[in-house]
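One chain follows as structure tokens, the form predicted alone.
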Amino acid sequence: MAGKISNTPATYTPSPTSQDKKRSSIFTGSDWVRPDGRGLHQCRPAFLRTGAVNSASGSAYAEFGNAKVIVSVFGPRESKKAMMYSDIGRLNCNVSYTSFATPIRGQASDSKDLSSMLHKALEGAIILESFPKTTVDVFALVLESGGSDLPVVISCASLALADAGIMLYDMVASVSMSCLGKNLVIDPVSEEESYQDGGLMITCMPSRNEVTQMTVTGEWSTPKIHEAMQLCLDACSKLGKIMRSCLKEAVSATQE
């Protein structure tokens, strides 16, 4: 299924809050701006396309700023591992980086940990009962690391699963947030992640308003974590709409 390519990437910035007007010092003073010029609560433009890999059952390509990811889905197919009959299917996930994904080789995140987190994020959204005794394999390849890589991988994988015709309870969208000093920075790039005091990632099914995964690192105050969660959920909701629009455009393109 080939997706329709739009001329400009879509944005999914969360609705502004009353605290957006106040920008305190982070690195060099009150005049500090983000490396890519975005506002503190402004997400990177998102470019999404399905049908990126012809040989796969389903696939998707995602580009969020400098972060570029391609995901291929194979299956459902008979499980290679000998196991007793099961009423539910099996999900395998693998995340890897190209050798040129980061400026310095070996700088990429641990693929094993990312694969496990991708599995946890997707498993709750897939109707595993729809393919008993079979396996669905998800292979994510980070072509270029630009920060917030895992949320991009998760969102792209959800799109690829839908493109493969895998039954889902809902699309899965993921957004991350960094706490830098007194400020909350949504959808951080690599440089911002390296300086963060705390990190938050939320993965959810927007239409069902259900969180499938949440990870928190570093130090957070209660008001800050509540604000960060709300901003992430708002951005996930808007990203989910963009993902659905991408699928609709892909279907329309095949019917033309």
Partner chain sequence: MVGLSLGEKNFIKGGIAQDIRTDGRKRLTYRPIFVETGVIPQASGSARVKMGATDVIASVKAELGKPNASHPDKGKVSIYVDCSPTAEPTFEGRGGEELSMELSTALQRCLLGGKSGAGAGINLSSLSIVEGKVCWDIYIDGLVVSSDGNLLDALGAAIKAALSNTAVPKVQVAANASLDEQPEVDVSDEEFLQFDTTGVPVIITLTKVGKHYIVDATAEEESQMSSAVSISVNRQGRICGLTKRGGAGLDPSIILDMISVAKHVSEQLINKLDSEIAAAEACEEE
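All of these numbers come straight from a predicted model, not from anything done at the bench. Positions refer to the first chain, counted from 1.
Separately, the form predicted together with the partner chain exists; it is not shown, and the next lines address it.
- Contact here is defined as any heavy atom lying within 4.5 Å of the partner chain in the model of the complex, and by that definition not a single one of 72, 87 and 94 is a contact residue.
- Although the partner is absent here, residue 212 lies within 4.5 Å of the partner chain in the model of the complex, judged by heavy atoms.
- Although the partner is absent from this view, residue 198 contacts the partner chain in the model of the complex, with a non-hydrogen atom inside 4.5 angstroms.
- Of the heavy atoms in residue 77, none are within 4.5 Å of the partner chain in the model of the complex.
- Not displayed here, the partner chain is approached by residue 117 to within 4.5 Å at the level of heavy atoms in the model of the complex.
- Here the chain stands by itself, but in the model of the complex one stretch of 166 to 174, 136 to 144, 95 to 103, 117 to 125, 117 to 125, has heavy atoms within 4.5 Å of the partner chain.
- Residues from 223 to 246 that approach the partner chain in the model of the complex with a non-hydrogen atom closer than or equal to 4.5 Å are 225, 226, 229, 233, in the order they occur in the chain.
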